[in-house]
Each structure stands twice: as structure tokens, then as C-alpha cells.
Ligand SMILES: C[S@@+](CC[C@H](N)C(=O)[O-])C[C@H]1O[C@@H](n2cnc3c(N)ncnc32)[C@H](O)[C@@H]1O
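First, one chain by itself: the form predicted on its own, in C-alpha cells.
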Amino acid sequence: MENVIDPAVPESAGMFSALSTGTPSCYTVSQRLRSGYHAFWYRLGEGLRWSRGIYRERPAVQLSALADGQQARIAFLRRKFTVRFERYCEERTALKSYEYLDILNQAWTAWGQPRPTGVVVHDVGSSNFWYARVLQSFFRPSSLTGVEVEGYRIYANGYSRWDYAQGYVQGLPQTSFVVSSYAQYDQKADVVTAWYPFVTAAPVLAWRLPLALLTPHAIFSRIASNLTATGLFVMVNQGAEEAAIAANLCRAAGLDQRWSYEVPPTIRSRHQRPVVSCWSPISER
């Protein structure tokens, strides 16, 4: 198989396009050609559903070469959430996990409300769900489901995204990984999370996906319909520009903003500050 992808794909997926979502006619010829190429490999991967078996990272056990600020922040998170991500995964994944947990903690602290715990949680666009333990640590959910549309991407080592996900969720209570577009995932949840969801064309192509998978209207509508009456949608976007596009999509889907918070520099540096926002069904406000 020739289209092998390295697991270390860019988290930010490059610079975000100013294009709003729209019909294929909105895309350039170059974008459509790239999309067609990615579509071929996407269909092949989903058709083969390749699995080499569960992939488990070798735990780092300890983190090395941390700056003073990183050490202090990680020590705080360890105490507050009783976590040691490095005991379960390699150093790079552990650092990303502490960063995601820090983003959630800072945003919720700024809001000043208790976080929901013991609830049903869905995560939209989970990749290989390397951060499942983060969501477990923060929400202490009664069940946690990661939903990813491209679940069988093959990595350079011959393992698939599915294989990685099974390793990351193994041992976590009531945690599962589902290969599906969330637009077709009809299950109720008390909390739905989405980390850097696709709302413009550029990141979709940067992640080597076909533009046919850019369906934010359908996905945000499904999020709204899946939420329980008092449910919350927690979204993290790359910077204010992307957050504004995503906010319009939320409102169009029938969601109302509860709060929004731009996270200051955290454990790892980023080109754009993450913007965390929380939404609920309009009828409940």
C-alpha cells in the first residue's frame, strides 16, 4: 500500500483558509484535484479496513527536558486530576495530553462553573483517540465514545488508526472508538466535545482528506440533536477567525453560546491561541 501516513500529522493542519463552507464550485481547481486524490485513498482505506492488531505506545515513564513553566503546570495538573499520562504513553503523546487537559481546565476555571462529571460524553473527529485518557480524567464519564470518520488510515509502521485507537482506549472504563461520520451517529449525550473541527477547506486537505468530508452543517446539526435537554457542546478552535466561523455554524444548528475563552500560552507553544466555547440547546436557555 503506497499511501502510508506518518502518525505525526500536523495538529493545526496548516493555515486555515478564509473560505467559508460551500458547494464544490467554491473550491479552486487545485483544491478539487487534491481532494480527488485523497478521496481515492480514503475509499481504499475504508474498504480494506486494515488492522495489524492493537498498537500500544511504549510509556515514557518520566518526562525530560521540561522548562520550569511546563514543570510547574504539569505538576499542578497531576495533583488536581491525579494523572500521570507518561505512565501510559510516549513523551510526545503525554505532553499533548497535559496540554489538552490544561486547555479544558483553564477554560472551565475561567467560566467559574463546576464541570459535568459522571455523564455520557461523545467526542467528534477523534483521529486515533490519543486523548481519550484526557477526557476520562476531566469528565469522569459514565461512558465515553470517540467518533472518527476516517478510522482506517494506514500509518508508516503498518498499523491503522483503528489499531492505535484500540491501544489508547484499552483499560479505560466504558470507553469505545467508533468509525463513522458524526452526522450519521444518532445517540444521545450529555456532553459532546470537538477539538479543532473542520469548518474550512484548507485543513481538510492538509489532513489528506477529500472535501466531501467537509460537512460542518450536518455535523453541527447532529450535535444539536444528540444533546440531551441540558447537554453541553464543548468546542476548541484554532484562533479567533476559525472560532467565529464555527460559532455561526453552531447558531445555525440551533445552539446558543454559554461562554467563550481564549486560552493563553499553555504547556506547548502554538501559532494561534486555542479558543474554547461552550454551547447548549437554545430551548434550554
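This is a predicted model, so every value here is computed, not measured. Numbers for residues come from their place in the sequence shown, where the first is 1.
Absent from the display: the form predicted together with this ligand. The rest refers to it.
Within this chain, residue 181 lines the site of this ligand in the model of the complex, having a heavy atom no more than 4.5 Å away. Not displayed here, this ligand is approached by residue 126 to within 4.5 Å at the level of heavy atoms in the model of the complex. Although the partner is absent from this view, residue 195 contacts this ligand in the model of the complex, with a non-hydrogen atom inside 4.5 angstroms. In the model of the complex, residue 213 approaches this ligand with a heavy atom inside 4.5 Å. Contact with this ligand in the model of the complex, judged by any heavy atom within 4.5 Å, is made by just one of 139, 207, 88, 159: 207. Of the residues 95, 103, 120, 149, just one reaches this ligand in the model of the complex with a heavy atom at 4.5 Å or closer; this is 149. Look at 126-134, 164-172, 105-113, 67-75: in the model of the complex, residues with non-hydrogen atoms within 4.5 angstroms of this ligand sit in 126-134.
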